[in-house]
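Next up is one chain by itself, shown in structure tokens, the form predicted alone.
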């Protein structure tokens, strides 16, 4: 079969310009001793050439983490690069199905779809020379097959799994596992995500982290947040709840709408804001955006906004700060960085009792974990009815984020992995 490519194939992997940022700017957020440890690790790895491969440079948590991690790697002395694999709709349709199947969807790629996936692995494998790097770190299933195609390269390989593999479709997992054999290190958010059959010695449990200094997480006053959200038609004088996530079936935006309607019975005038980004590697995004809008109907108290409406990082910050409650009502979740984002801002958070959300929220202590629409609606009502108790829980969550889920800790885990791979 001769593949059709609607857009030109690049002659080499596009590289992302990630700018610079000094590690020293983070010193006030670090636990004691970490700054010195990071400096020493960077000294031991000085000059190491590290290439990261991902599917997109914007939209979603992977790209956001990379835009923070890469400049810090450079600042401590490494020579990092970030490449974006080539893909078209036919490829991303397959990888979205692959993603969903690995998170438990009963559907699995057909032989023809696997052939499409393998064809793009071969295409992208030819767009760079791995021997130019000491370490190549590959993100998620989209480019996971590239390492096998470079088995003779004088380099070491790591793989980062950003999704929930706790209940994968067994047929899909069985087809993917052989592609992961060349990776000397595999990062997983939680121990339960390490699949049966994966080389146990290569599995590292490494949760992701948020950047406390980027504009989405910088300190923003309630007054300034109110000024921003008002521009999108939201009334800052009335209570509002928000969820920030992709429009995706696993994020359950329709369930959020239903939970809001339950809570509004106790809190008349309660507003809902659903904020998400539409990413190039997520062909289902527009479909679930449309489904969410249809589910809301003509209710004027609900707002659905995306990056196409001018919602960027500052605006996301403002909606989280202005919200009386922030939700992440996922039914599957690799991690859910929006939980840590909201806790870092001191906001009460309600999360689905799944995956990485359970790493960030201790139910009844730092937030609420819910298993249904009804529980979510009740938790919203409870948080709004007793804001002082909700704020105390949120501050407990913030301190947990400070200790476990900020960027410098994530940088340390990567440097330790490179040291391991290189035998340094």
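Remember, it's a predicted structure, so these values are computed and weren't measured experimentally. Positions refer to the first chain, counted from 1.
This protein has a second form, the form predicted together with uridine-5'-diphosphate (UDP), left out of what is shown; the following refers to that one.
Among heavy atoms of residue 176, none comes within 4.5 Å of uridine-5'-diphosphate (UDP) in the predicted complex. Put simply, residue 61 is close to uridine-5'-diphosphate (UDP) in the predicted complex: some heavy atom of it is within 4.5 Å.
Residue contact check for residue 264: none of its heavy atoms lie within 4.5 Å of uridine-5'-diphosphate (UDP) in the predicted complex. Proximity of residue 336 to uridine-5'-diphosphate (UDP) in the predicted complex: non-hydrogen atoms within 4.5 Å are present. With the partner left out here, uridine-5'-diphosphate (UDP) still marks one of 241-249, 124-132, 286-294, 153-161 in the predicted complex; by a 4.5 Å heavy atom cut-off that stretch is 241-249.
The contact with uridine-5'-diphosphate (UDP) in the predicted complex, taken as any heavy atom within 4.5 Å, belongs to 316 out of 146, 326, 316, 94. Checking 84, 322, 180, 275 against uridine-5'-diphosphate (UDP) in the predicted complex, a heavy atom within 4.5 Å turns up for just one residue: 275. Contacts to uridine-5'-diphosphate (UDP) in the predicted complex (heavy atom within 4.5 Å) from stretch 215-229: 216 only.
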